[in-house]
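Next up is one chain by itself, shown in structure tokens, the form predicted alone.
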């Protein structure tokens, strides 16, 4: 069982050794209360049936493997997009460890975030002292330009008042009286990570625009020609925001990205550790109130933020994670109209190249059936692109999707002949998806890393698109927005299709009559 320093085995091989196999067999026999294998197999097969699906979809008091995360995860995502900002989560250390590890495993970068380290005593008596000490330590040790405060379940259940706590902490000298500490309540037991993103983005803009919690005069809007852009909670933020900047540059538009985390999660290895890198400057965040308009790339990530912005006199426009030709067309035409500019010929050429690529590959995608799960906006963007390709998004599921979202997806289905036999499932989880894949099989599944268990269980090939992607590297560096982003998604889909064709045609003299060099 010990390793040999001259030949260190990877865990893939190590745990297949006879010593480990015997150890695992003993564990199953002695400690896992094993059942008759025949009975286990009978139940397994029954759980694939329409009868089981009916019972599965009837459950109300249980969620199994939801395709969402909690609010504070989105809160941290929003906060790190601002210059020199450290997210401060009022709650337990274990929660913050989850947020940091989640982002680090997806982006392959260190993710900085601090906790007020609430424990049992704070749960009984309140977390004021944790806030006082935590803000003081954070300010002293990490030298941030801003501390963005959010909450976890513990702080929300006992009713801690962030506004009052922060004011008290300032009075006690934890941070200077004029230091920026925006906040948002982000209870993890309601909503999802997209809700948390929305709450913190709104809280930061409210802080700068509406008088910094009563400590400064409200800003008076003096309209200019700039355009604000909000990307929302997006696993491709590194590639997408850089693509958006390129598009704005090609169109000659003066802009501000609100929540620009494209650099902090893509820092170079050059001998210097960057706890903070890039981000929207605090000056730009404040002056964004003067912009002509604000564009949100994800409607359901900004349901509270956009009304706040509109109330300050700006035009607002929201999209649903547009992917492909039509989605990018609509985004660019809206952007051009608001900014009063023309769409340059360079982008028309990019559009033509994407259309050409789709035409080149349409025979391989047309008529294929897909199941999609993920965040509401991403599901809408992917479903629209699949319909554009002549494919059928047969099952579209969002655990954090609501009735209004479902109606929007259904309207999308109704707009295309390929949506005739497609169905939308708001508020459902991945155990529901399992029943769908067994009772109404599709050709491919699109979702995040957690879909690999569905792939193994149901045999449905998984195309990894979404958040988080833990078991593949560097996808986040590629855009999925813009015409170039649409081409990337097209290639990912096609690669999986061709991989599956090769896998099913590789037996010599039996199936290899279609094991072709050219596809």
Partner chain sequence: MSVSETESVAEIKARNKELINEVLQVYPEKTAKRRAKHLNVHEAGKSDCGVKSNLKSIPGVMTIRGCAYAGSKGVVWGPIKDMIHISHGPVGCGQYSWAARRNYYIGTTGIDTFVTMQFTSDFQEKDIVFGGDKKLAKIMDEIQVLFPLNNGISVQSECPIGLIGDDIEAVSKAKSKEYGGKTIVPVRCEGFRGVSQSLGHHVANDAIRDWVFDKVDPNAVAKFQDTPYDVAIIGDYNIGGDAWSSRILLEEMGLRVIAQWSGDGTLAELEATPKAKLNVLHCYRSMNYISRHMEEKYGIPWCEYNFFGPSKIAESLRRIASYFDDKIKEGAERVIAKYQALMDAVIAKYRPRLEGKTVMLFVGGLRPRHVIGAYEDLGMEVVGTGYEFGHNDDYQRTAQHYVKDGTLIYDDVTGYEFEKFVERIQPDLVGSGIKEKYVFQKMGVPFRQMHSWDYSGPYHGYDGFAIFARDMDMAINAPVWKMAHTPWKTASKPTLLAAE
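Just so you know, these numbers come straight off a predicted model, no measurement behind them. Throughout, rigid core stands for the largest set of C-alpha atoms superposing within 1.5 Å between the two forms. Numbering follows the first chain given and starts at 1.
The same protein also has a form predicted in complex with its partner chain, omitted here; what follows describes it.
(message) I'd like to know if residue 151 sits close to its partner chain in the predicted bound form, meaning any non-hydrogen atom pair within 4.5 angstroms.
(response) Contact check for residue 151: no, nothing within 4.5 Å of its partner chain in the predicted bound form.
(request) Answer yes if any heavy atom of residue 450 is within 4.5 Å of a heavy atom of its partner chain in the predicted bound form; otherwise answer no. (result) Residue 450: yes, in contact with its partner chain in the predicted bound form.
(request) May I ask you to check whether residue 461 falls inside a 4.5 Å heavy atom distance of its partner chain in the predicted bound form? (result) It does not: once its partner chain is placed as it appears in the predicted bound form, residue 461 has no heavy atom within 4.5 Å of it.
(message) Residue-level contact is defined here as any heavy atom of the residue lying within 4.5 Å of its partner chain in the predicted bound form; does residue 222 satisfy this criterion?
(response) Taking the distances in the predicted bound form, the answer for residue 222 is no, it never comes within 4.5 Å of its partner chain.
(message) Looking at 102, 212, 290, 369 here, can you tell me which has any non-hydrogen atom within 4.5 angstroms of its partner chain in the predicted bound form?
(response) Selected residue: 102.
(request) Could you tell me which one of 120, 178, 342, 345 places a heavy atom within 4.5 Å of its partner chain in the predicted bound form? (result) By the 4.5 Å criterion, the partner-contacting residue is 120.
(message) Please pick out the stretch from 252-260, 142-150, 307-315, 406-414 that is in contact with its partner chain in the predicted bound form, where contact means heavy atoms within 4.5 Å.
(response) Of the stretches listed, the one contacting the partner is 142-150.
(message) Taking a heavy atom within 4.5 Å as contact, would all three of 328, 495 and 514 count as contacting its partner chain in the predicted bound form?
(response) The answer is no; none of 328, 495 and 514 reaches its partner chain.
(request) Note that its partner chain is not shown here; using its position in the predicted bound form, name the residues of 81-111 with a heavy atom within 4.5 Å of it, in sequence order. (result) Heavy-atom contacts within 4.5 Å come from 86, 88, 92, 93, 94, 97, 98, 99, 100, 101, 102, 104, 105, 108, 109, 110.
(message) Using the rigid core as the reference frame, would you say residue 34 shifts its C-alpha by 2 Å or more between the shown form and the other one?
(response) After core superposition, the displacement of the residue 34 C-alpha between the shown form and the other one reaches the 2 Å mark, so yes.
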